[in-house]
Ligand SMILES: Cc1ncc(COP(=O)(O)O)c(C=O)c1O
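This document opens with one chain alone, in structure tokens, the form predicted alone.
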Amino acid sequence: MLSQKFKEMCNAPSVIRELSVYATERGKEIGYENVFDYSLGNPSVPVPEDFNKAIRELTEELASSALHGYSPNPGNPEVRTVIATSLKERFGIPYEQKHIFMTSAAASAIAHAVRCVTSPGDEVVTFAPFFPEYRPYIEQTGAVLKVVPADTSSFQINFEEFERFLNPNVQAVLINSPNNPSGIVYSAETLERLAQILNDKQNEYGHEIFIISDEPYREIVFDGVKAPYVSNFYDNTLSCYSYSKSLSIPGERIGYVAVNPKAKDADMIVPMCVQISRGIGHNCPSSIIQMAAARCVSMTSDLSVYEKNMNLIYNKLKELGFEVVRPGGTFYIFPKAMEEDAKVFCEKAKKYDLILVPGDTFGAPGYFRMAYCIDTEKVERSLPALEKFVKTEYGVN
């Protein structure tokens, strides 16, 4: 008999993916260059040439078995050492090889981290707006996801609501900064307050509460500001990273869990991840991609285009009268729709070949997401369509 749970999930597929498929099909009719597709967060800037060079050099330097054979279960040891050293140099935290577990990007990192620190029935708290896939990531472990309502004035943490969610069943708090979908970067003040609350609750409850920090956009920040590194604020932090956005290699599926060396039982967590892999069929990411990423550990793609795109869109949204918080990073912006039902708003936008994602599944009804990881030229051509849309449908002058 087929699994009822997964049969039911087929009735509620990813809204983002469905809109991306729609945009592709519409592109076959009018040319994809004429579809202003803001649906999918697929990096648009080229991979660094040094990454391609690393692939070529590896194929020339190493034997086939080293390139294409299994790596050890925690990942290639030399790669883990390179990553630990890089993190130590950047953030002043004494990571070692034993604190790094290689994964198939951030999704796999979160899947392992949640299983490390929860048991079925435990609660994991996250903050709206949040990436919709957090729900299956958490719920398929047997844990329960609890969502704190958004502070829509700033999209920083809504602490008043957060403290109401805390109870002895909470074992982890899942955060994402820079944030998908809002683009907000949590400030040092936000992280300091979060750490103080969790330290107090750990003492009150008599058990650890881990922060699982989802960090794939850590390098995409604006205005010359760096994103505060969560592990510098809170010892019991598991950092979940992906090279998908920083190196523009989402299809290569490469990332890691970095265990704060000061975390409780820190030396046990990577061995636990190895055992978790046995149950979820993870079995190590690509050997050659691990090695190529290590050779580019200090590099990024040219990410400046995302800030340029953000400013173009943000300024037009403000000009047209949208309520919108200016992003501090990522390649997303999250304005308030011009009517209460964002699904209806986004459906109307399709008539103008604008593909926008309603915020309902992000935990913020009434808002919508634009993923502006597209060519700047296309962003510029989309702005008249956006203006025509809101003037025609909503009478904006």
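Quick caveat: nothing in here was measured; it's all calculated off a predicted structure. Position 1 is the first residue in the sequence shown; the rest follow in order.
What follows is about the form predicted in complex with this ligand, which we do not show.
Shown alone here, residue 217 lies within 4.5 Å of this ligand in the predicted complex, counting heavy atoms only. Although the partner is absent here, residue 106 lies within 4.5 Å of this ligand in the predicted complex, judged by heavy atoms. Contact check for residue 367: every heavy atom lies farther than 4.5 Å from this ligand in the predicted complex.
Although the partner is absent from this view, residue 112 stays clear of this ligand in the predicted complex, with no non-hydrogen atom inside 4.5 angstroms. Contact here is defined as any heavy atom lying within 4.5 Å of this ligand in the predicted complex, and by that definition each of 131, 180 and 253 is a contact residue. Interface residue among 171, 244, 158, 290 relative to this ligand in the predicted complex, by the heavy atom within 4.5 Å criterion: 244. Contact annotation: of the candidates 222, 233, 137, 314, the single residue with a non-hydrogen atom within 4.5 angstroms of this ligand in the predicted complex is 137. Of the stretches 264-272, 121-129, 245-253, 320-328, only 245-253 has residues with a heavy atom within 4.5 Å of this ligand in the predicted complex. In this stretch, 291-308, not one residue has a heavy atom within 4.5 Å of this ligand in the predicted complex; the partner itself is omitted from this view.
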